[in-house]
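This document opens with one chain alone, in structure tokens, the form predicted on its own.
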Amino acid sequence: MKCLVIFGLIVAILASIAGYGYLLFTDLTRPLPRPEFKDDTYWGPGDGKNYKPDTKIYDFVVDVPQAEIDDLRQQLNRTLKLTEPLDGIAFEYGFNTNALAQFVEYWREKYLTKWDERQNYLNSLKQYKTEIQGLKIHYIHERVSEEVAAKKNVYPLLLLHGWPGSVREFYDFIPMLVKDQNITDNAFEVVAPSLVGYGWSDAATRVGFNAAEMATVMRNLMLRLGHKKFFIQGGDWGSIIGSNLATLYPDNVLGYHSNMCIMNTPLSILKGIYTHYYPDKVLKSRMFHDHHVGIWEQYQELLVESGYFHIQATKPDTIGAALSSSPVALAAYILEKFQTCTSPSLKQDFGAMVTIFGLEAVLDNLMIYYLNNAATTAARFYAENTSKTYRDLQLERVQTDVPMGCCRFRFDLPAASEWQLKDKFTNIKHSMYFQHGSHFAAMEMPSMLYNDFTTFVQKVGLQTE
């Protein structure tokens, strides 16, 4: 009898544990309702009590005083106090100081001496500024020609960059989108903003400006320009901002296309582990295995390469002060990310950035950070997006029926499978894998990104309204 009582107690305890585990699992994996979200928060200077919005749109031209360029050259001409790399080390310890010295010399003696040419290039796309929620937002706005408009379905497109990128990433991509291309019946009116705190856009003046707030500003920018419905394309932070926008404001989004499809919900993590061990049960082709198998090695590599994330998420003003005080430090910090985001076979190669991106493109991007003193304000975005306020929104667990497309480049961050994505995106129209390419797809492989994006739009199957 005593044994039966003990057995009954054990069964009851195990059943309680199992029941609690089931309830906990259900609570952690069930979809959440869309939160109420304020869409007109004031982020400009002061308290905004007497704020009167300026809804005008102003032309913008990059016009840097020559004195500022001369000052930069003088800073770059100072004797570099760099430590020699260890014997046999290329970029394993960070950006190689011998390569940095050569880079600084090219920046000073070649690039800056033709600044007028680079500035004209940056001005080759039409740019504007307008005030949204107290912040002056800079954006590129390229429209199709009348000839293209007569032949193609034309849709508005919001194009979103991330860190340490800028609108410079899109200078090869945008012309493809607005021109008459034989492979598609569609063309696009492109709006590519500098994110808040990046490039020539103002930075928020108070704590709390996270990806959901960024999504709101970007949506309100599109409304200001007369676009009530539009497509979104983004990578890096642009992907997360685009996802937030499609979640919070689905009625404004025709479709959302990402080249950094990540999911970090508890259920997605479990599915990722399962896919690692049983890929044939989840993936449609063995050609996709390399993107999802080897998850532990991928996360180990992510840990090695994400030190910057922890610094910017915890002490952005400290690293920002160091980078703002020295153009050489800014170069080392940003270029190291571009060097890493080439490919595993090239990231220890001294010519990798030239081969993949081109030196002028990388320097243009670096200049945008330097000229706007954006190191600190851009880094703060990491702190806001790891804050409790943003985490509590749990937007990754809020479903959206906006048409979604995903393209995965082989050497980008570990991507989510379609099985993982469908827990959030209930209307996946397009899912693609590439065996090449890395994080900065619009810079590295603009044609491939263009083909994938237009394929997604074709699958959405809209007609011009």
Partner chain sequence: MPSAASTTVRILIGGLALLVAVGYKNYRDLGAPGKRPDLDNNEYWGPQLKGQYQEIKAIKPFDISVSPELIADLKAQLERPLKVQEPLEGIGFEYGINSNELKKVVKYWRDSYLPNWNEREQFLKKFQHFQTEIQGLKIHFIHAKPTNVEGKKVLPLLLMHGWPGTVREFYDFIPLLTTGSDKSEYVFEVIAPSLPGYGWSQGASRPGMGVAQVSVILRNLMLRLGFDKFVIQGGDWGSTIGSSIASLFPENTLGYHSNMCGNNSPLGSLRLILSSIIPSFYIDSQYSEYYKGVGHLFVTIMEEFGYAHIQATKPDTIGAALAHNPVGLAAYILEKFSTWTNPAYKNLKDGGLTKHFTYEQLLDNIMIYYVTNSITTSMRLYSESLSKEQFSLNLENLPIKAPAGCARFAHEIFHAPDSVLANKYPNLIHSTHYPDGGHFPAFQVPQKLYEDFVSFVQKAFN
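None of these values were measured; they are calculated from a predicted model. Numbering follows the first chain given and starts at 1.
As for the form predicted in complex with its partner chain, it is not shown, yet the points below apply to it.
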- Query: in the predicted complex, does each residue in the set Tyr51, Ser124 and Met445 place a non-hydrogen atom within 4.5 angstroms of its partner chain?
  - Reply: no
Among 127-135, 385-393, 146-154, 252-260, the stretch whose residues bring a heavy atom within 4.5 Å of its partner chain in the predicted complex is 385-393
* Wondering, does Gly351 line up within 4.5 Å of its partner chain in the predicted complex on heavy atoms? -> no
Applying a 4.5 Å heavy atom distance criterion, does Ile183 contact its partner chain in the predicted complex?
no
- Query: Heavy atoms within 4.5 Å of its partner chain in the predicted complex: does Trp115 have any?
  - Reply: no
With the cut-off set at 4.5 Å between non-hydrogen atoms, does Thr377 touch its partner chain in the predicted complex?
yes
Students should find that, of Pro279, Pro85, Gly272, Gly199, the residue having a non-hydrogen atom no more than 4.5 angstroms from its partner chain in the predicted complex is Pro85
Answer key, its partner chain contact in the predicted complex at 4.5 Å (heavy atoms) among Val104, Ile356, Ile319, Leu363: the residue is Ile319
Checked 187-222 against its partner chain in the predicted complex; residues with a heavy atom within 4.5 Å, sequence order, are Ala204, Thr205, Arg206, Val207
